[in-house]
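Take a look at this one chain, the form predicted on its own, written out in structure tokens.
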């Protein structure tokens, strides 16, 4: 068991972090908004943690204090939430593909800024981020409770008034407005909650990866997280969790398949380096055969009835 955890511990933690990022993208989708801004807030949270841990918080030789890690996550949540409101109010006046383009532009603006600012380390990034845990698998002590709490809150959100307002806006914004629901308020709220979750995940990821640079928040990451939500299911929070875990592990699975003896060289190269092509194909196939994703509310109700 110890050997298994040492070998696959980093992948398990990465899958939990991928599930958190899937949930951060799912929150705006609850109101029908196709936002791809999560990687930008993820990168922002990571830079906040990297800068604070290496330049602000003095530490002795050894492990980084866990209370300081939690403080960094709190600061990342606050900053991401404020920026989420500032970006969400003007951006969420757009819809559909126009909103997606605006949020992609936001991610690119943050990436270019991180490449040119001295405090972020430029293109090189920030290295030597101190570690609060002795081994990668120990990050589950923070990442797993964070995921479970997020899932519980989303479960509660889907059955209270706020969640029903989100769904009403997603199904028909004009009808929701006619019933007294303020679409702008709820769309900005969902966008901000997703921003906070992405920022917190980024702060934890910076320590987990031990280095942080502009490659952490890119358009490629937006496509990967969107794929995880669309294939996993965008109608219930279980879908993004499943999709985020699967699509985080998928590159490692493809890499292992690419090393199969006797596999054609071109196919091995595609599996090893062409993951975005594979993800694009999965998006096309998923939208055709599973328009609501693999996990749907009806499927969950059916499973629940069978258990009873």
Partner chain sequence: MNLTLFIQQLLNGLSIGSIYAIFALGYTLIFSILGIINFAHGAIFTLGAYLTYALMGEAFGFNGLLANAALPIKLPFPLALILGSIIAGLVGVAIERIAFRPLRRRGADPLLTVVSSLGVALIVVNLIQYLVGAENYTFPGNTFGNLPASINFGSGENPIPIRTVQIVIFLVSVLVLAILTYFINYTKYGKAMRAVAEDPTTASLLGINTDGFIVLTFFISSFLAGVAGTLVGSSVSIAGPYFGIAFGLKGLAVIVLGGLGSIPGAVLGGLLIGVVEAFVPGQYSAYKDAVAFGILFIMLLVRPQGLLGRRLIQKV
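Positions refer to the first chain, counted from 1. Predicted model only: the values in this text are computed from it and were never measured. Whichever C-alpha set is largest while still superposing within 1.5 Å between the two forms counts as the rigid core.
The same protein has a further form, the form predicted in complex with its partner chain, not shown here; the description that follows concerns it.
Of the candidate stretches 256-264, 47-55, 66-74, 28-36, only 28-36 contains residues with a heavy atom within 4.5 Å of its partner chain in the model of the complex. Taken together, the three residues 106, 220 and 287 all lie with some non-hydrogen atom within 4.5 angstroms of its partner chain in the model of the complex. Comment: its partner chain is not present in this chain, but in the model of the complex one of 180, 145, 128, 90 has a heavy atom within 4.5 Å of it, namely 90. With the partner omitted from this view, the residue of 94, 140, 78, 151 that lies near its partner chain in the model of the complex is 94 [heavy atom within 4.5 Å]. Within this chain, residue 116 lines the site of its partner chain in the model of the complex, having a heavy atom no more than 4.5 Å away.
In the model of the complex, no heavy atom of residue 160 sits within 4.5 Å of its partner chain. Among heavy atoms of residue 274, some come within 4.5 Å of its partner chain in the model of the complex. Using a 4.5 angstroms threshold between heavy atoms, residue 270 counts as touching its partner chain in the model of the complex.
In the model of the complex, 174 is the single residue of 152-191 with at least one heavy atom within 4.5 Å of its partner chain.
Relative to the superposed core, residue 164 undergoes a Cα shift smaller than 2 Å between this form and the one not shown. Superposition on the rigid core between this form and the one not shown places the CA atom of residue 137 less than 2 Å from its counterpart. In a rigid-core overlay of the protein, residue 82 has its C-alpha displaced by under 2 Å between this form and the one not shown. Compared with the form shown, the residue 95-residue 36 C-alpha separation increases in the model of the complex, the change being 3 Å or greater. Shown here is a form in which the CA atoms of residue 95 and residue 229 lie at least 3 Å closer together than they do in the model of the complex.
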